[in-house]
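Before any questions on binding or motion, here is one chain by itself as structure tokens, the form predicted on its own.
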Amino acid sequence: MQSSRIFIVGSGVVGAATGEGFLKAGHKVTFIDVAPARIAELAARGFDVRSEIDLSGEPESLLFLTLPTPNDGHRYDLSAFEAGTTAVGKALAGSATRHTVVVRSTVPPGTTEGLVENTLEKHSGMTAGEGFGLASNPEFLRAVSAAEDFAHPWMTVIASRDPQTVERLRDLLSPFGGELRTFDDPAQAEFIKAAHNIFNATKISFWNEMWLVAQKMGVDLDPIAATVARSAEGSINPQYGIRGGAPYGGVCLPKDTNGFLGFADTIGVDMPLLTAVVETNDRLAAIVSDEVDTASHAASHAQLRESAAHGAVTGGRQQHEPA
């Protein structure tokens, strides 16, 4: 594998694990950070770490944005992320070499081709895809095992409008192993990361809600959950339930979701998550029903217009001819 020149912009847990992983794979890595304590820590470990990014004289490089994107209420706080992206844009302006910027931070879908692209173009004076490459490569690292997760990923996602950029990142990341999936729309990769985390959070909350019921009943949830993790199709079949726009139906699912809500009520346990599951399904079923009705009406009108037009051509004989 050919060695690459890599800059890690933002050297917290994700950035440090990413940069160290690339170093161990034989690449030349420079860490960029603005926190003095973090800079001192990385320097003490013998890493090349700087407070500012300078691309003058650098060969073609990959710049990974691993900047913090915390939430501020019900929104992402992208202030630090935007500041780091601005610094990268200014560094691009001072380089005659075409570099590639890779968004690895968790960001709202659309950020790479929105905030990042606009910011880089504004401060570099270049156009994405021409003056610099742009891609999304979301991280799937757990804080407690970030270095191990980077070295042995179970899933790697790469997205870029530029096929050459996708292939360059594939060559860089595929040696680490794991399943690798590529997309041509960075928003898809960003959506994957957000949905990935939200699904994990929902599963944890689901079993915590069930735990409240089990506590009230005086039963041990652990063997129940361990069994359901192997018995439920949603747990063992990756394709189960992932087709959007199709509410659940039949006998079992509506019966048990509603019935269990009533059971929980009788023992004094509120189940907001299960209530939301039922309400979401009912709402989607109504939307789908309306869409079907609208489509049916449109088809009926189209058929009537076609029949009328045909009748005008034939002098109206068809609708009066005996069967």
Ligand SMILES: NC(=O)c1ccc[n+]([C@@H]2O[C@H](COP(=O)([O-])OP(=O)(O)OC[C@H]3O[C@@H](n4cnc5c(N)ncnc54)[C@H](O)[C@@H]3O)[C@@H](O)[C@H]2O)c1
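Small disclaimer: the values here were computed from a predicted structure and weren't measured. Quick note: we count residues from 1 along the sequence shown, nothing fancier.
Separately, the form predicted together with this ligand exists; it is not shown, and the next lines address it.
**Study point:** this ligand contact in the model of the complex: G10, any heavy atom under 4.5 Å
**Key:** Yes, G10 lies within 4.5 Å of this ligand in the model of the complex.
Practice item. Answer with yes or no whether T106 is in contact with this ligand in the model of the complex, where contact means some heavy atom within 4.5 Å. Key: Taking the distances in the model of the complex, the answer for T106 is yes, it comes within 4.5 Å of this ligand.
Check your understanding: Hey, in the model of the complex, does P68 get a heavy atom within 4.5 angstroms of this ligand?
Key -> Judged by the heavy-atom cut-off of 4.5 Å, P68 is in contact with this ligand in the model of the complex.
Exercise for review: Check whether A80 has any heavy atom within 4.5 Å of a heavy atom of this ligand in the model of the complex, and answer yes or no.
Suggested key: Yes, contact at 4.5 Å.
**Study point:** Listed residue (I236, A96, A143, A201) with a non-hydrogen atom within 4.5 angstroms of this ligand in the model of the complex
**Key:** Only one listed residue qualifies here, and that residue is A143.
Review point. Heavy atom within 4.5 Å of this ligand in the model of the complex: which of R161, R168, K193, K90?
Key: Among R161, R168, K193, K90, a heavy atom within 4.5 Å of this ligand in the model of the complex occurs only for K193.
Point to revise | Option from 250-258, 269-277, 282-290, 25-33 whose residues, in the model of the complex, bring a heavy atom within 4.5 Å of this ligand | key: Comparing against this ligand in the model of the complex, the contact stretch is 25-33.
Point to revise | Residues within stretch 38-60 having a non-hydrogen atom within 4.5 Å of this ligand in the model of the complex | key: The stretch 38-60, when checked against this ligand in the model of the complex, contributes only R38 at the 4.5 Å heavy-atom cut-off.
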